[in-house]
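Below sits a lone chain in structure tokens, taken as the form predicted alone.
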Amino acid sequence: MTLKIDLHSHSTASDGTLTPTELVMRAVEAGVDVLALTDHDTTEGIAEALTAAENRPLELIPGIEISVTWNSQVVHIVGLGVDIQCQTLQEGLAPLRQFRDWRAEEIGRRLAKVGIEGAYEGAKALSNGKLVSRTHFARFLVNQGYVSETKKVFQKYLTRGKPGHVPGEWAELSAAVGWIKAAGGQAVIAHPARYPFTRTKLRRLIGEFVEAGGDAIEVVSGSHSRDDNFTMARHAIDFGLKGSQGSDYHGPENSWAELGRLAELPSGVVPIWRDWTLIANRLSA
């Protein structure tokens, strides 16, 4: 029996477009057996998602995606199976959300200087009102006709050197891994092929991640190519890390990343879920 496992997804608790309940229902419709909700720097949607998954043919894994600054570059570390009541985790996440609040207001101010008024208010209206991300600004700018698609928003307004870019310091790599481990979770480098790193620099990141106590690499991702999957599998094997997989689903608008629509982990990679009791129970059912 093969299970459909997706360990990276987002809801309206961060920058997804489906509520946690809607996300769970869509996953059920897609035949997903195991889903992790991994919103950016918040676990606020987990309780709702767990309730929605009750009495459904779906196992919901409490997760998180933590923003990290490493070598002046933002990388993301996913935590799987975290205890959302863990004080260490929540105390670590709180300053990240505070920075997000300030950054959102500052992006609005900077966009106003180039003639785009009401961007902060527009982005906030597209969010849950508690966490406003760059993705919400991108959706606002598309809706207002400034650009034709969200990808072009980042290229024109929100990346380094552009008028709406706001640099910032996120969590340290070792700290983020430590919060996840303190919460009883497993730490995973998210979508590693997306980062603009040379092979040498990526392997340096992985090496430091291992030293910090990291567990796995997201080998298969909705943003990875087939070649990326095999390259990341090689890195995982070389460093003795497990492999994870996730669509990085944000909503039905992004047809390139659908829930559960993932390639299998390449041969030789140890799945991060190999020793999960819930997986064993599913397979024996």
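Residue positions are given as counts along the sequence shown, with the first one as 1. Treat the numbers as computed from the prediction; the structure is a model and nothing was measured.
The same protein also exists as the form predicted together with adenosine monophosphate; that form is not shown, yet it is the one meant from here on.
With the partner omitted from this view, the residue of 154, 197, 120, 146 that lies near adenosine monophosphate in the predicted complex is 154 [heavy atom within 4.5 Å]. Contact with adenosine monophosphate in the predicted complex, judged by any heavy atom within 4.5 Å, is made by just one of 203, 97, 103, 109: 103. Here the chain stands alone, but in the predicted complex its contact with adenosine monophosphate, taken as any heavy atom within 4.5 Å, falls in 146-154 among 209-217, 122-130, 146-154, 174-182.
For the chain shown alone, residue 186 is not a contact residue for adenosine monophosphate in the predicted complex, no non-hydrogen atom being within 4.5 angstroms. Of the heavy atoms in residue 15, some are within 4.5 Å of adenosine monophosphate in the predicted complex. With a 4.5 Å cutoff on heavy atoms, residue 40 counts as touching adenosine monophosphate in the predicted complex.
When contacts are judged by a 4.5 Å heavy atom cut-off, residue 250 counts as touching adenosine monophosphate in the predicted complex. Within 4.5 angstroms of adenosine monophosphate in the predicted complex, the stretch 71-86 places a non-hydrogen atom from 76 alone.
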